[in-house]
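Following this are structure 1 and structure 2, which are two forms of one protein chain, each written alone as structure tokens.
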Structure 1
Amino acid sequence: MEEKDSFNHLPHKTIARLSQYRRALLLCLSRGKSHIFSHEIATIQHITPVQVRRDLMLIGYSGTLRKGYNIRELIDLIGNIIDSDEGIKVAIVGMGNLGRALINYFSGKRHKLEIVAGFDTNPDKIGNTMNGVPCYPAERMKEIIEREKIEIGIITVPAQNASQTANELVAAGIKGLLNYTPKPIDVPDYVYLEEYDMITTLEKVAFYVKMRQSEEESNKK
């Protein structure tokens, strides 16, 4: 208990990187590697070796000098930190292209984190199964989330339905939400919320592309 508490002040960015380190490490392990240096991890992730070492320091893992980190041990440790012992169930609301894309990404990958239900209002989709994930009618959201003890919801409905969907998920007792619509949603404090807006991301890329071009032009002069 006390140990686990020590991880709740890890920087958000470190949590994200740990997840990425683990995937890279699993790949290395499958290729027969047993140890890895911080600069190797850094190269794979396109970050600096210092940042890798600092992250590992924060989770209290020590490598061996001149031999690097034990890949198997590190994978296990990261799992202890970021995975839930019992596993966490996830539901996707909105089985359009984005919802299905997410299911494909996840299918059979992470066993501690499983997408167990999809919801939609389209009668053509209801009753079908996508990559092993059954699609239920939106009206049954509360019932199924409670029955299956689903704790995380991913919102991939059209933007205009985002906030209503969020409310329904919260009412159903969801603990964490991931909102992929461009419409910001409002949830109670006890629900962890992460939002990602694809339109904004693309506009940002466009801005920096433009910015660099105009910098180049003014340098030429």
Structure 2
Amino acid sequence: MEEKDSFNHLPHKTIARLSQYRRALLLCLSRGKSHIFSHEIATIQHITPVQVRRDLMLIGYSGTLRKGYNIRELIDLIGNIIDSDEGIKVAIVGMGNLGRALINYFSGKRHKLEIVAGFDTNPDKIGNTMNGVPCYPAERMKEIIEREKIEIGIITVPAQNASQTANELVAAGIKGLLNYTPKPIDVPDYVYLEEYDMITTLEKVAFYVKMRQSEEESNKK
């Protein structure tokens, strides 16, 4: 099997799709399926079979004409590419509805990627535990992150606090950030940042629904 370093230059979108492929493959495996074709993966992911084959060629994996891809082997290969050997610890800052929902959703999903701490300023939340994740006061962020060797931070605070929270996480040694607030943040080049704005995503969906409605109305004329 190839070393992880050989996959360093995979396109970001390919990495995202590999994660999606793995989720679909795990579901198929749980249903007793052992092999799968590219067009089956494509149907699940709502993309083209060509895209699936291109992604899997980039990671050096090919199936057979008769059986397709071996699901267990492909899951293991994707895990070898995406997962860290030692595992990576995650913290969530902002234990409101979204923060708690993320903890509940993510619990037990990936043994190599674990949410181990939450932070908040609300005294009613501090000291509580959600699905095994303790909530600490925000002022202890640097201490806990260093002690637990946490490398990824998820920001779910109110938008006006996003930049300050990001700065505090970076100062505490965080190497990757996922920003769930609608406010863009700036981080140093050595910190990997992903920003997920749910309002923008929903508006994008609404735009395509509107376009589809326009097409249907035009076809009726």
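Quantities reported herein were computed from a predicted structural model and do not represent experimental measurements. Residues are numbered by position in structure 1's sequence, first residue being 1. In this text, the rigid core denotes the largest set of C-alpha atoms whose superposition between the two forms falls within 1.5 Å.
Between the two renderings of this chain, the form predicted in complex with a further copy of the same chain is found in structure 1; structure 2 comes from elsewhere. Relative to the superposed core, Gln213 undergoes a C-alpha shift of no less than 2 Å between structures 1 and 2. Core-aligned CA deviation for Lys204 between structures 1 and 2: 2 Å or greater.
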